[in-house]
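The data below hold one chain only, encoded as structure tokens and taken in the form predicted on its own.
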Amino acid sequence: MSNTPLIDELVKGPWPSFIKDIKRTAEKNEMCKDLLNLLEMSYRDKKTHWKHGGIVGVRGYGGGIIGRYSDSPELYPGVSHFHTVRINQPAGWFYSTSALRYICDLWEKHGSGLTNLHGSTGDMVMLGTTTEHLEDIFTDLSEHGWDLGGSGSDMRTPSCCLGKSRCEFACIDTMAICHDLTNEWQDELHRPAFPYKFKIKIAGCPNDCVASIARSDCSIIGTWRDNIRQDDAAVAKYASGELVYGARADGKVDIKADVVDKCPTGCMSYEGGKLSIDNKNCNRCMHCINLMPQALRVGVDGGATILLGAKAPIVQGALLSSVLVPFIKMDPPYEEFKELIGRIWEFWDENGEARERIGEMIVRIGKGNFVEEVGCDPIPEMICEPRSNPYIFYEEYFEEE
């Protein structure tokens, strides 16, 4: 194996190391040997030795493959090309062992053998192949029922939590929504035409296990608009310690201290052994339900809250998504949601700047202007943060005679 003292430092310590995994794969793959040497050179020179990827893909698709070339092909020919292929993951990340074995065999045949399941985009990420293998990879994938994911300035591969398939808190069928939207927007997924990337992530409940509110341009978060279901007998069992959960070291729940006093909107009270909830002031934070899941359950009138605008800190700082629609029913064929997204995309296409995420555009033009242009009525839930300016300015409206 090559002499790589600098990157070998990353193998030390108690945590898993990607260097250790690459070295193990390099025992039977020449690309990975050159990859280790290129990484060592980058650490030594304190700069990257990857060139800008440029455009690379398969016939008919503009997205799904990220081109990557080394600036030192004469030194390390094994990574002169090292393209990344994104494969559209199944909804909820449910795999059979035969499906995973197929992917691994495919990548040992056509690529480096290195994989990444799953990145922020959500796709299966296959790291390292050459240009001449791309069409064969795509043909092989297609014949086995797989498709490429998104990359570039397009809609990225939608992803979701496992929803109602395994979770008792799910208010919407996340996997059905994810599958439908993926099929509906194939052009937007594979033929880049947006100012920049657009990610959709779907969470079944406000616990948001897919972290959609922090890392997707459009968050679909399951919620409910009726009352929290309450079992008073189970509440009494939590109070007595007959039912326990993880609120304290001993597993017991102090309803006053652990539940009521930590309600962010103060919509709960506990007096005389009776738990009362002012549901109109509940903001669906899930705290009480998480602590007493056998006593409190999500409502039955399920739907979703739609939020827009999250992104990681690349060009500008990180943004969290903020509410656009507090509640929308998400029943097939999801026409109301699709029409809303169509209006948003049309406005973004006409007004977004190059490589400007939709959240950045909203900050630039003002959320009030954005809401008006996409045809939504302004409501208090849309407020992202309190205004810092104490003065209020009103637009002048002139009615036609």
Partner chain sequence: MAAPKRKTDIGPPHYDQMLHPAIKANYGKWKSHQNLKPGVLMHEGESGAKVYTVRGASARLISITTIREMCDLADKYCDGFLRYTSRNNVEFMTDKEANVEPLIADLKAMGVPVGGTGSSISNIVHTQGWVHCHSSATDASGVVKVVMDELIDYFTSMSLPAHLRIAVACCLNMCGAVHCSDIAILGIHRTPPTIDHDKLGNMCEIPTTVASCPKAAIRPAMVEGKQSVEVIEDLCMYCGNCYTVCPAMPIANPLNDGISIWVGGKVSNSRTKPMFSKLAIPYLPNTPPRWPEVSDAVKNIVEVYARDAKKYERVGEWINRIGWPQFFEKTNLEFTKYHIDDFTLASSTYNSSTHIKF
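Whichever C-alpha set is largest while still superposing within 1.5 Å between the two forms counts as the rigid core. Keep in mind it's a predicted model, so treat the numbers as computed, not measured. Numbering follows the first chain given and starts at 1.
What comes next is about the form predicted in complex with the partner chain, which is not displayed.
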query: Non-hydrogen atom within 4.5 Å of the partner chain in the model of the complex for each of Lys33, Thr223 and Phe337; finding: no
query: Contact flag, Gly119 vs the partner chain in the model of the complex, heavy atom cut 4.5 Å; finding: yes
query: The partner chain contact in the model of the complex: Asp208, any heavy atom under 4.5 Å; finding: yes
query: Contact of Ala239 with the partner chain in the model of the complex (heavy atom, 4.5 Å); finding: no
query: Distance check, Pro293 to the partner chain in the model of the complex, heavy atom within 4.5 Å; finding: yes
query: In the model of the complex, the residue from Met175, Met330, Leu275, Ile306 that sits within 4.5 Å of the partner chain by heavy atoms; finding: Met175
query: Contact residue in the model of the complex, from Leu114, Val235, Leu324, Cys218 (heavy atom within 4.5 Å of the partner chain); finding: Leu114
query: Neighbours of the partner chain in the model of the complex among 168-206 [non-hydrogen atom within 4.5 angstroms]; finding: Glu168, Phe169, Asp173, Met175, Ala176, His179, Thr182, Asn183, Gln186, Asp187, His190, Arg191, Pro206
query: Rigid core superposition, Asp377 Cα moves 2 angstroms or more between this form and the one not shown; finding: no
query: Asp71 C-alpha relocation of at least 2 Å between this form and the one not shown, rigid core basis; finding: yes
query: Post core alignment: Met41 C-alpha displaced by 2 Å or more between this form and the one not shown; finding: yes
